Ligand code: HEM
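The chain that follows stands alone, in the form predicted alone, written as structure tokens.
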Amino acid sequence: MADYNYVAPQEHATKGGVLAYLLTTAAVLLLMMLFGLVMRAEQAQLISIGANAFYQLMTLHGAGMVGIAGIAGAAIMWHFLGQYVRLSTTVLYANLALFLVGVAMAIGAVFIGNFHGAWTFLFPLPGNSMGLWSNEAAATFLAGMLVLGTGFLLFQLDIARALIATYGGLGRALGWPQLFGHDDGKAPPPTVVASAMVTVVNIVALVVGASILAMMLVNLYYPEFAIDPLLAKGMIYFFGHVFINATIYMAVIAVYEILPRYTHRPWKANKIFLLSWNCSTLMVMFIFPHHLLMDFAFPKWMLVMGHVIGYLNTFPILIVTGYGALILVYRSGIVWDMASRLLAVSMLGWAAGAMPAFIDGTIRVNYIMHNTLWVPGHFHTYLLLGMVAMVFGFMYYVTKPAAQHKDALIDRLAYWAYVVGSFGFALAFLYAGKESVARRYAEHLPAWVPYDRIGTAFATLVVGAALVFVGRFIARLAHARSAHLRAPAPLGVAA
């Protein structure tokens, strides 16, 4: 592959912004992984931090991982979408600034105010702490989440503006003329279609999330402002489920953009591709009740809808993307390096993580498994081996010195440590869930401890590999004359 230095409009401003996003991702991601390792070690009785500290870390780990997944996905989407539309770098930096402010507020609420009501902040828990934290601590955490969400909302609104300005509407950016009419071969590129889908669902989710956060903030100080707890739970789960799913839909753009440059084969947005993304645009917004199947108070039609769509949503994008990646790579003569390896394994991780979710979405199984470690096993699989693998692959891609550059031994060892460690870590969760080990417990029964210790060993492997990935990313930037990111070359040209 020949190196290709393509200078896109806005290149210098965009490079600086994306670099800031990636450095923030590296720092926060490592911190959240360390929090996770400490929690597993506590459950394994290898250390003793106490229940209070455990739930503090659990709160920050959950909120931090969701937030940093959003920042990482936004960096990937921004880097590649900038080839097709004109984006505002002011909004890019504003989102990052608001994210950092929101994170600082959440950290202060947890470590100074002792808030530990979990990242889901389910009503009415934040205002009913039984003296464990103050209203001010709860308000600071909720306000921090609101500030963070406001930044992402501005980010998505700017992308909506740019897509509408360039393509004449979000429907056109989703390929409706080609999907519902004659396929003239001029459908928007996969990056544009994915970005339009994420924009639609995230704007709705963020508005719903901001609404319930604002309502809960008012209720903290004016309890007579009553909130229906069932409505609050539905709004929170809708917001959280849509947003965390959208992060992987943003990150998969790296697969759509980078693998074609390695294989010299374009990834075409045909009718099947467009149909799958448009179906998931709707389904991702109606799937969240599959987390509420044990809540008899929810309307039965919502639970049935969550059950059915939980099955259906496993197929459209995942099958199209996974199968498309296999076809793209098959007999292409691809040169495997850290970027292409990580992006390839991310397809496996995404698919593997969807299978436990598919199983848990079955009502009979859900009654037994949902409040066990089976569920963390599911989402750690598709986050660690899916979404986060895409992010690390992107980091290796944009900092690769030249196309002919060979990976060092430490890179290859870290790759296998990460893959083995992530699978082992997730399987320890899944097997413990099969054995009915409860989730969210700081202290585990003696019979559960062996599973925890196995999980802790694999978690250590994952953290070690991630330290190598991040260290190599920073080292490549430090050794460059000036920090830069590889600009995306036109499709069909090796980058």
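Being a predicted model, the structure only gives us computed values, none of them experimental. In this text, residue numbers run from 1 along the sequence as written.
The form predicted in complex with protoporphyrin IX containing FE (HEM) exists for this protein as well; it is not shown, and the discussion that follows is about that form.
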{"item": "Protoporphyrin IX containing FE (HEM) contact in the predicted complex: Met338, any heavy atom under 4.5 Å", "value": "no"}
{"item": "Proximity of Tyr431 to protoporphyrin IX containing FE (HEM) in the predicted complex, heavy atoms at 4.5 Å", "value": "no"}
{"item": "Non-hydrogen atom contact Ala459 with protoporphyrin IX containing FE (HEM) in the predicted complex at 4.5 angstroms", "value": "yes"}
{"item": "Contact label in the predicted complex: Val388 to protoporphyrin IX containing FE (HEM), heavy atom within 4.5 Å", "value": "yes"}
{"item": "Proximity to protoporphyrin IX containing FE (HEM) in the predicted complex, single hit among Ile454, Val28, Val463, Val470 (heavy atom within 4.5 Å)", "value": "Val463"}
{"item": "Residue among Phe115, Tyr262, Phe80, Phe425 with a heavy atom within 4.5 Å of protoporphyrin IX containing FE (HEM) in the predicted complex", "value": "Phe425"}
{"item": "Contact test, all of Gly62, Trp119 and Leu384, partner protoporphyrin IX containing FE (HEM) in the predicted complex, heavy atom 4.5 Å", "value": "yes"}
{"item": "Residues of 365-386 having any heavy atom within 4.5 Å of protoporphyrin IX containing FE (HEM) in the predicted complex, listed in sequence order", "value": "Leu373, Pro376, Phe379, His380, Leu383, Leu384"}
